[in-house]
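Before any questions on how it binds or moves, here is one chain, the form predicted alone, in C-alpha coordinates.
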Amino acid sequence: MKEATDVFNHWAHLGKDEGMERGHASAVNEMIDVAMERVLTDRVAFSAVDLGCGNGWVVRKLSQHPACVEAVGYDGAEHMIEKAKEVDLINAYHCAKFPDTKPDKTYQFVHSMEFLYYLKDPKNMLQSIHDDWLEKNGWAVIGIDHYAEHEESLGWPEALDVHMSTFSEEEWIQMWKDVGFQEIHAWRANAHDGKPGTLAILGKKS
(Lines give C-alpha, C1' and ligand atoms only; values in the text may rest on other atoms or scores of the structure.)
Protein backbone atom coordinates (compact mmCIF):
# COMPACT_ATOMS: atom_id res chain seq x y z
CA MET A 1 0.00 0.00 0.00
CA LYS A 2 1.04 3.60 -0.56
CA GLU A 3 1.96 5.91 2.27
CA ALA A 4 -0.79 8.45 2.97
CA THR A 5 1.78 11.25 2.75
CA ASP A 6 2.68 10.13 -0.79
CA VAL A 7 -0.99 10.22 -1.78
CA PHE A 8 -1.42 13.74 -0.42
CA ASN A 9 1.81 14.96 -1.98
CA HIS A 10 0.46 13.74 -5.33
CA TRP A 11 -2.91 15.38 -4.69
CA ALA A 12 -1.18 18.66 -3.87
CA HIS A 13 0.63 18.53 -7.22
CA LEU A 14 -2.71 17.90 -8.96
CA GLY A 15 -4.48 20.69 -7.08
CA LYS A 16 -6.87 18.29 -5.37
CA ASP A 17 -6.22 20.00 -2.05
CA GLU A 18 -8.51 22.82 -3.16
CA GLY A 19 -11.31 20.32 -3.75
CA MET A 20 -10.71 18.85 -0.30
CA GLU A 21 -11.06 22.33 1.16
CA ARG A 22 -14.40 22.88 -0.58
CA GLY A 23 -15.66 19.42 0.36
CA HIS A 24 -14.75 19.69 4.03
CA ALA A 25 -15.55 23.35 4.65
CA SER A 26 -19.12 22.91 5.89
CA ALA A 27 -18.20 20.21 8.42
CA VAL A 28 -15.09 22.09 9.59
CA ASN A 29 -17.00 25.36 10.03
CA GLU A 30 -19.56 23.51 12.15
CA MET A 31 -16.85 21.78 14.19
CA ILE A 32 -15.03 25.04 14.90
CA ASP A 33 -18.25 26.85 15.83
CA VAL A 34 -19.19 24.14 18.33
CA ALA A 35 -15.65 24.00 19.72
CA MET A 36 -15.36 27.76 20.16
CA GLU A 37 -18.38 27.75 22.47
CA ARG A 38 -16.22 25.69 24.86
CA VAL A 39 -12.78 27.13 24.10
CA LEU A 40 -13.85 30.70 24.87
CA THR A 41 -15.84 29.87 28.00
CA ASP A 42 -12.87 30.38 30.33
CA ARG A 43 -10.59 32.59 28.20
CA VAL A 44 -10.78 35.63 25.96
CA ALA A 45 -8.06 34.48 23.54
CA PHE A 46 -6.64 31.18 22.31
CA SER A 47 -3.73 29.61 20.45
CA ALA A 48 -4.48 26.92 17.87
CA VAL A 49 -2.78 24.15 15.94
CA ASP A 50 -4.13 22.16 12.99
CA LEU A 51 -2.72 18.64 12.67
CA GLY A 52 -2.82 17.32 9.12
CA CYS A 53 -3.25 20.90 7.93
CA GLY A 54 -2.86 20.24 4.19
CA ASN A 55 -2.52 23.52 2.32
CA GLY A 56 -3.23 25.50 5.49
CA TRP A 57 -6.79 26.60 4.81
CA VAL A 58 -8.00 25.84 8.36
CA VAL A 59 -4.96 27.59 9.86
CA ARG A 60 -5.80 30.67 7.81
CA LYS A 61 -9.43 30.45 8.91
CA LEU A 62 -8.51 30.13 12.59
CA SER A 63 -6.00 32.98 12.38
CA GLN A 64 -8.81 35.28 11.24
CA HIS A 65 -10.86 34.58 14.37
CA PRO A 66 -10.77 37.74 16.49
CA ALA A 67 -9.80 35.78 19.62
CA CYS A 68 -6.98 33.78 17.98
CA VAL A 69 -3.49 34.95 18.97
CA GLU A 70 -1.56 32.20 17.16
CA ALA A 71 -2.37 29.56 14.52
CA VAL A 72 0.10 26.87 13.42
CA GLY A 73 -0.14 23.96 10.98
CA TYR A 74 1.61 20.57 10.79
CA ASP A 75 1.38 18.04 7.97
CA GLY A 76 3.31 15.00 6.78
CA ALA A 77 3.11 15.88 3.08
CA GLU A 78 5.97 18.19 2.12
CA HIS A 79 4.26 19.64 -0.92
CA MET A 80 1.17 20.52 1.10
CA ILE A 81 3.38 22.49 3.51
CA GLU A 82 5.12 24.17 0.56
CA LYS A 83 1.73 25.28 -0.79
CA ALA A 84 0.67 26.54 2.64
CA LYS A 85 3.81 28.65 2.96
CA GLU A 86 3.41 30.03 -0.56
CA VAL A 87 -0.02 31.47 0.12
CA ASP A 88 0.39 32.38 3.80
CA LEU A 89 3.38 34.44 4.92
CA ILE A 90 1.94 35.15 8.37
CA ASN A 91 1.29 31.81 10.07
CA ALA A 92 3.80 29.01 10.73
CA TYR A 93 3.77 25.62 8.99
CA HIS A 94 5.87 22.55 9.72
CA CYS A 95 6.43 19.24 7.96
CA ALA A 96 6.02 16.48 10.50
CA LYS A 97 5.99 12.73 10.93
CA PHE A 98 3.22 11.53 13.21
CA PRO A 99 3.03 10.43 15.94
CA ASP A 100 6.82 10.94 16.35
CA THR A 101 6.72 14.74 16.10
CA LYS A 102 6.29 16.53 19.42
CA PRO A 103 5.66 20.27 19.66
CA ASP A 104 7.90 22.67 21.57
CA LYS A 105 4.83 24.22 23.20
CA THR A 106 1.21 23.39 23.97
CA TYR A 107 -1.93 24.93 22.52
CA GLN A 108 -5.35 25.81 23.86
CA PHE A 109 -7.12 24.43 20.79
CA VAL A 110 -6.20 21.47 18.57
CA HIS A 111 -8.07 20.89 15.33
CA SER A 112 -7.74 17.97 12.94
CA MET A 113 -9.79 16.88 9.94
CA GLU A 114 -9.41 13.68 7.95
CA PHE A 115 -6.02 12.77 9.42
CA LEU A 116 -6.19 10.43 12.37
CA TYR A 117 -7.45 7.28 10.65
CA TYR A 118 -4.55 7.22 8.17
CA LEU A 119 -2.29 6.23 11.07
CA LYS A 120 -1.83 2.58 11.95
CA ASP A 121 -2.25 3.39 15.65
CA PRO A 122 -4.57 6.41 15.87
CA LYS A 123 -5.06 5.91 19.61
CA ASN A 124 -1.34 6.54 20.14
CA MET A 125 -1.66 9.84 18.26
CA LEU A 126 -4.77 10.74 20.21
CA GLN A 127 -2.80 10.13 23.41
CA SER A 128 -0.06 12.44 22.11
CA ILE A 129 -2.62 15.13 21.28
CA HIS A 130 -3.89 14.94 24.85
CA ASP A 131 -0.49 14.72 26.54
CA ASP A 132 1.88 16.68 24.28
CA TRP A 133 -0.12 19.14 22.20
CA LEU A 134 -2.88 20.39 24.47
CA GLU A 135 -2.53 22.86 27.28
CA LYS A 136 -4.35 22.07 30.53
CA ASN A 137 -8.03 22.95 30.10
CA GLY A 138 -7.52 23.04 26.33
CA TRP A 139 -9.93 21.53 23.80
CA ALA A 140 -9.49 19.29 20.78
CA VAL A 141 -11.94 18.66 17.95
CA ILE A 142 -11.35 16.01 15.30
CA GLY A 143 -13.36 15.17 12.18
CA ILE A 144 -13.48 11.63 10.78
CA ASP A 145 -15.17 10.67 7.51
CA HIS A 146 -13.97 7.05 7.44
CA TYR A 147 -15.84 5.16 10.16
CA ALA A 148 -17.78 1.90 10.26
CA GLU A 149 -21.24 3.45 10.09
CA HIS A 150 -20.31 5.43 6.96
CA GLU A 151 -20.67 2.50 4.58
CA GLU A 152 -19.53 4.37 1.47
CA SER A 153 -16.19 5.11 3.13
CA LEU A 154 -15.40 1.46 3.76
CA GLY A 155 -14.19 1.04 0.17
CA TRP A 156 -11.77 3.96 0.34
CA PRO A 157 -8.68 2.02 1.52
CA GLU A 158 -8.86 -0.33 -1.47
CA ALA A 159 -9.76 2.43 -3.93
CA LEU A 160 -6.85 4.63 -2.85
CA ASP A 161 -4.52 1.73 -2.02
CA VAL A 162 -3.70 3.34 1.32
CA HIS A 163 -4.05 2.17 4.92
CA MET A 164 -7.02 3.41 6.91
CA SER A 165 -7.85 2.36 10.46
CA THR A 166 -11.54 1.49 10.62
CA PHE A 167 -13.49 1.88 13.85
CA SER A 168 -17.11 2.41 14.81
CA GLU A 169 -18.36 5.64 16.36
CA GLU A 170 -18.49 3.94 19.75
CA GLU A 171 -14.89 2.72 19.41
CA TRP A 172 -13.64 6.19 18.46
CA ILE A 173 -15.41 7.75 21.42
CA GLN A 174 -14.01 5.09 23.76
CA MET A 175 -10.49 5.98 22.57
CA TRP A 176 -11.04 9.55 23.70
CA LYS A 177 -12.13 8.30 27.11
CA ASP A 178 -9.19 5.90 27.36
CA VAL A 179 -6.54 8.56 26.71
CA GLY A 180 -7.98 10.92 29.31
CA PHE A 181 -10.29 13.38 27.56
CA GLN A 182 -13.18 14.80 29.58
CA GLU A 183 -16.48 16.45 28.62
CA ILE A 184 -16.54 14.49 25.37
CA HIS A 185 -19.16 15.47 22.82
CA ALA A 186 -19.66 13.57 19.56
CA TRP A 187 -22.03 14.32 16.71
CA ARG A 188 -22.41 14.08 12.93
CA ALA A 189 -21.31 17.35 11.36
CA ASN A 190 -22.83 18.40 8.03
CA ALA A 191 -25.21 15.43 7.94
CA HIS A 192 -28.01 16.09 5.45
CA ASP A 193 -30.06 14.55 2.66
CA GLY A 194 -29.43 11.04 3.91
CA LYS A 195 -25.65 11.51 4.00
CA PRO A 196 -24.07 10.32 7.26
CA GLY A 197 -21.86 13.38 7.69
CA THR A 198 -18.51 13.73 9.43
CA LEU A 199 -18.05 12.04 12.78
CA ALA A 200 -16.95 15.00 14.90
CA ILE A 201 -15.56 14.44 18.39
CA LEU A 202 -14.75 17.19 20.88
CA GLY A 203 -13.02 16.80 24.23
CA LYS A 204 -11.20 18.67 26.99
CA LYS A 205 -7.89 18.06 28.73
CA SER A 206 -8.59 18.67 32.41
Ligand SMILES: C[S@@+](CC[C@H](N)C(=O)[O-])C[C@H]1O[C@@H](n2cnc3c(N)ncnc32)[C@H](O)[C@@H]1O
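Not measured: the values here are computed from a predicted model. Numbers for residues come from their place in the sequence shown, where the first is 1.
Although not depicted, the form predicted in complex with the ligand is the subject of the following passage.
Give a yes/no on whether residue 188 approaches the ligand to within 4.5 Å in the predicted bound form, heavy atoms considered. Looking in the predicted bound form, residue contacts with the ligand do not include residue 188, since no heavy atom lies within 4.5 Å.
Legend entry - Contact flag, residue 72 vs the ligand in the predicted bound form, heavy atom cut 4.5 Å: Residue-level check for residue 72: no, no contact with the ligand.
| said: in the predicted bound form, does residue 138 come within 4.5 Å of the ligand, counting heavy atoms only? | reply: No - in the predicted bound form, heavy atoms of residue 138 and the ligand never come within 4.5 Å of each other.
| query | Is there any non-hydrogen atom of residue 113 lying within 4.5 Å of the ligand in the predicted bound form? | reply | Yes.
If contact means a heavy atom within 4.5 Å, which one of 115-123, 102-110, 83-91, 129-137 is the stretch that engages the ligand in the predicted bound form? Looking at the partner contacts, the answer comes out as 115-123.
Margin query: Given a 4.5 Å distance limit between heavy atoms, list every residue of 139-163 close to the ligand in the predicted bound form, or none if there are none.
Written below: Residues within 4.5 Å: none in this stretch.
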